[in-house]
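Two separate entries follow, structure 1 and structure 2, each one form of the same protein chain as structure tokens.
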Structure 1
Amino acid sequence: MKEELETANRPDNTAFTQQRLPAWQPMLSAGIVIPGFVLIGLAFIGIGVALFIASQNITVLEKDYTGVEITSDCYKCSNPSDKNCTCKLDFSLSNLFEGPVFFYYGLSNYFQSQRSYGVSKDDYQLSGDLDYFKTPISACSPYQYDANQNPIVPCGSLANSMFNDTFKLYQIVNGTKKLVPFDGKGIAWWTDYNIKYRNPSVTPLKNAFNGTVKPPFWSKPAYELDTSDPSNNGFVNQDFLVWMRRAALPDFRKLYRRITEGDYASGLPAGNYSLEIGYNYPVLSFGGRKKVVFSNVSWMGGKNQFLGIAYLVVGSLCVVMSTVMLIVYAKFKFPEDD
């Protein structure tokens, strides 16, 4: 009993309190570092080669149609006051453009990444909340209400500035234009289409928009985006969804259509093509550029040479570094005992 009392203040003898926790104490020893560098280097070179080949195999066709040059057919449309202008872009393929082919539009120097641009939308409204149809959030300003204090639906700069050029692709077969069928379904993220954006559960959809006005730049209200297909209308219109997923960088491309049907399911055969462009979207005022891109994909996504080259360079550097370290190690290894 007395013994116990006397040692009442003795600290506990646990590995933690005595700082004796069992531990692994790795060292940057030559036996680990040098082989490690070699292994990483070799692995990187391997990955790099695979990436490089994959990227090389992707075909990309990019055409600018802003109409800056006078020679371009779209030059005539570059005046923003010219409404409903169409122009065309001809190109030819010497080989089969392997499918499935993805058709993108691309914008440059376009700052979707601007903070005030990005926040200028109303997620509640876009999820079909009718309260926010009447009073959109203030972040949408100046596209919150129109001059008559009618709420704008969908509100905000982001929605208002939706890309509205239209494209039709024809293959010129024996002088006649053959329409290449576009697939506009499933070009947006599944989550955007099914969860994030909802139309209000009002039928017909038009009624939900009573008392609201369309965004000023839009030619038709949201409920008329695709009158043929209710599942592609309103806020769940695929083009709208693609636009609303704002880009991180000022140069970006967005998926417009897929070419997956009919004769073109396996790709675009060699030949001459004509792209008919409904030129509506003004970009020249801020020095922007518009382009169309045909591309197929691989396991690593779209064409990007950088990743493969970077892997190759880093892998090679690792191998070089391991040699340097080996030499230094052989020369300067400090004796174990001194």
Structure 2
Amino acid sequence: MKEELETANRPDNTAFTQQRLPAWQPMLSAGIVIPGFVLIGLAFIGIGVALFIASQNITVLEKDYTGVEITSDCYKCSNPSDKNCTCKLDFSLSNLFEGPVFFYYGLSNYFQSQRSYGVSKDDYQLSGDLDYFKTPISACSPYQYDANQNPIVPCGSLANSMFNDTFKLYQIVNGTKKLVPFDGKGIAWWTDYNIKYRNPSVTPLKNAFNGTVKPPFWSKPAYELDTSDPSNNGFVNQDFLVWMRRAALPDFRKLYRRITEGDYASGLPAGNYSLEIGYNYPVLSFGGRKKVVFSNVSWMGGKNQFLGIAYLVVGSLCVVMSTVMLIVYAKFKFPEDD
């Protein structure tokens, strides 16, 4: 009986199951390894030089507007008790800031990657499931229900802490302010907008939120984020989606708008500019900082010197190692290797 069981469990006598397929095993020698290291090193150095030059050609302008310095116009708004405060940030460009220009807001000392903060949301609720509008999941606590036990929609710490500073950029032309148009379409990930986040299939959208309350930190409910454009309202609002895509590091920036229209399609001309800021988001309580960033891009993306330097370092190490191996081989090679 035991022999019959072993025979039944035995794999088929084929080349595949018995591991008899032909195989090729490279025989590495100095004549292969050393030139291989040289070629890999030269390729990495070439890519690194291209990446580094491309990164150097990207223009980046960063301006801090936290309001810590007394000389800053935003200092008057740094007190959290001051609501609806507006300040301005003036700057000048000596040359054309080539477009398309991307406008970001940046935060420092802000840990979006903290685990309990990151899971404090209701994915079922954010996908438009009305059952979870009435009973949010417990992970949203302490922003699951308000003091009157009304469900919060969207619930959780992540949504509640959504960035809410606003910006308007003006070019100063002959003493008058000319509004620079912002483009806020398509700034979020395609998968977030089209797959992950969905509004309830209720018309009007406001009716889906009956019996719920907005997050405590928000000034208006989700169905009023953009009443002029239904495709940018509620849970598919571009600014909301950008915020909900968490950053990995404590110092990060997120895309706010693009400057691609009208007289500024080719970039920001040289001249004087004034950025009007609706200062709402508090950061001083946790030692954070706020900034705005203007940047353009190249074929490699945004400014990133590390990538080019990393390729240069790895390529240089490969060349150095090939040189060392060549010296060792020439000095200690065996007679039969000749």
Partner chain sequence: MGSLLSQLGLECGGKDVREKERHLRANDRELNLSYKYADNAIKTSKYNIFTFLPLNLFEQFQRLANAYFLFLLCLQSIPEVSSLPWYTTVVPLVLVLSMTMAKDSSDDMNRHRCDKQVNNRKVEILIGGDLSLILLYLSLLLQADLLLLSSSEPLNLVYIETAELDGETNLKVKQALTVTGKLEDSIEKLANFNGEVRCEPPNNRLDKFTGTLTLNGETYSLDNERILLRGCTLRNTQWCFGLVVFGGPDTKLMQNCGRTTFKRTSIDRLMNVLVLNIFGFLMIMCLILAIGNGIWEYQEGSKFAAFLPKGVNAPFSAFLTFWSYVIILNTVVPISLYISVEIIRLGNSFYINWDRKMYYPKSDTPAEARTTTLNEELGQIKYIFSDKTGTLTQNIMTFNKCSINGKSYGEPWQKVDFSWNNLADPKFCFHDNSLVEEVREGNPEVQAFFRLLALCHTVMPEEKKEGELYYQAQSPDEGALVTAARNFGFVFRSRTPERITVVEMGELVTYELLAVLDFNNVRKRMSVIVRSPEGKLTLYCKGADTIIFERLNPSCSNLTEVTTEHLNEFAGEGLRTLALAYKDIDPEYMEDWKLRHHEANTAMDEREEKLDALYEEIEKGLQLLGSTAVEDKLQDGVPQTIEQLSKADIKIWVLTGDKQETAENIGYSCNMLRDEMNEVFIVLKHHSTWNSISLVFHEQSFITFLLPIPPHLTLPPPSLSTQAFALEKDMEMELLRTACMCQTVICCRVTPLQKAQVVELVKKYKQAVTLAVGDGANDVSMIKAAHIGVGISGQEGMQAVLSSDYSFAQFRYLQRLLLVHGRWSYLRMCKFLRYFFYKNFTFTFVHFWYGFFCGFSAQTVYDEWFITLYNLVYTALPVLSLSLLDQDVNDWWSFQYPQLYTPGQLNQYFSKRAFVYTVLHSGYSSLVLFFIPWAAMYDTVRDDGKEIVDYQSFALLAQTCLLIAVSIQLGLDTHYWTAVNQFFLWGSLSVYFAVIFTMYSNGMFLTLISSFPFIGTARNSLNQPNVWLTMLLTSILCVLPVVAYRFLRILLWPTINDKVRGRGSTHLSLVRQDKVLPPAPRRVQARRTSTRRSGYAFSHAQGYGDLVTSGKFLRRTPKSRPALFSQTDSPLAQTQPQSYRTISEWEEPPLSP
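Here, residue number means position along structure 1's sequence, counting from 1. What you see is a predicted model, and the numbers here were worked out from it, not measured in a lab. Here the rigid core means the biggest group of C-alpha atoms that line up within 1.5 Å when the two forms are laid on top of each other.
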Fill in the blank from the handout: Here the form predicted in complex with its partner chain is displayed as structure 1
Practice task
Establish whether a shift of 2 Å or more occurs at the C-alpha of Ala15 between structures 1 and 2, with the two forms superposed on the rigid core.
Solution key: yes
Handout entry: Post core alignment: Ile70 C-alpha displaced by 2 Å or more between structures 1 and 2
Key = no
Practice task
Look at the Cα of Pro26 between structures 1 and 2 with the rigid core superposed and state its shift in Å.
Solution key: 2.8
